[in-house]
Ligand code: NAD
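Next up: a single chain in structure tokens, the form predicted alone.
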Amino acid sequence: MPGLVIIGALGRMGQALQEAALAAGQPVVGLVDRPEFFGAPSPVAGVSVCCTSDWREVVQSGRVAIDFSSPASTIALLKGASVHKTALVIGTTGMGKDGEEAVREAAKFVPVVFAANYSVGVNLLLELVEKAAAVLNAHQFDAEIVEAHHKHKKDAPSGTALMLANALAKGREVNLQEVACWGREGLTGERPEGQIGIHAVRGGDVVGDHTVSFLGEGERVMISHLATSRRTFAEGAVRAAIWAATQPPGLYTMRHVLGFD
């Protein structure tokens, strides 16, 4: 594998990605971040390349680009996929419908792994939640999702919470948009049967906590994942990059990387 290009390289996640790449024996051949970081050396020991502000300068030097940057930057990278032909691992969240369309279009030309969460544990959680939803829905259990992240996170609810909500809806065989409740305020009245509640907490340095609660009469089932280090996401993304380097063009998720699909 010729190496990795890290986009969003000098933030906390970008540095964790560099460390995870080196630990996996994958050379980092390009770093990309905002213009004010142009020419800055990596603070990660063992990475000798300096940062550029334009992914076009370095993306073709690596076989896979890992992007945990911003929606605008990621969408631009995706729209260039037909030219650069570099496999992509996308972890940027909050991209909306335009970003999702750009992902689908890029996957016609290159392999794209697109996931809101690259943790092995979270992807197992998705499997458990879908199965639990199918079983407990028959017994009239209510379902609620609560996620917590650090105070610097810019989008809410988290991409992982949305994945969990979709897993719940799939298990129940319902349309999420028809049953979702995005937080509550005021005199909301009684909880409608079949509703899925999604709630976001922000504060401190929380890396990422997600809990799905199934609430029945006289009992509760709660399934949680607590992330204590960004390293788990970085290691998963590097694992996805190594896997993507050998795949044909197409749209993949972490479930494909882990062999769940």
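None of the values given here were measured: they were computed from a predicted structure. Sequential numbering from 1, following the sequence displayed.
Beyond what is shown, the protein has a form predicted in complex with the named molecule; the following relates to that form.
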Quick one: find which of 133-141, 180-188, 108-116, 165-173 has residues within 4.5 Å of the named molecule in the predicted bound form by heavy atom distance.
-> 108-116
Contact test in the predicted bound form: F214 vs the named molecule, heavy atoms, 4.5 Å = no
Would G91 sit within 4.5 Å of the named molecule in the predicted bound form, counting heavy atoms only?
-> yes
Is there a heavy atom of K151 no more than 4.5 Å from a heavy atom of the named molecule in the predicted bound form?
-> no
Closest heavy atom of R220 to the named molecule in the predicted bound form, within 4.5 Å or not?
-> no
Neighbours of the named molecule in the predicted bound form among 56-79 [non-hydrogen atom within 4.5 angstroms] | F68, S69, S70, S73
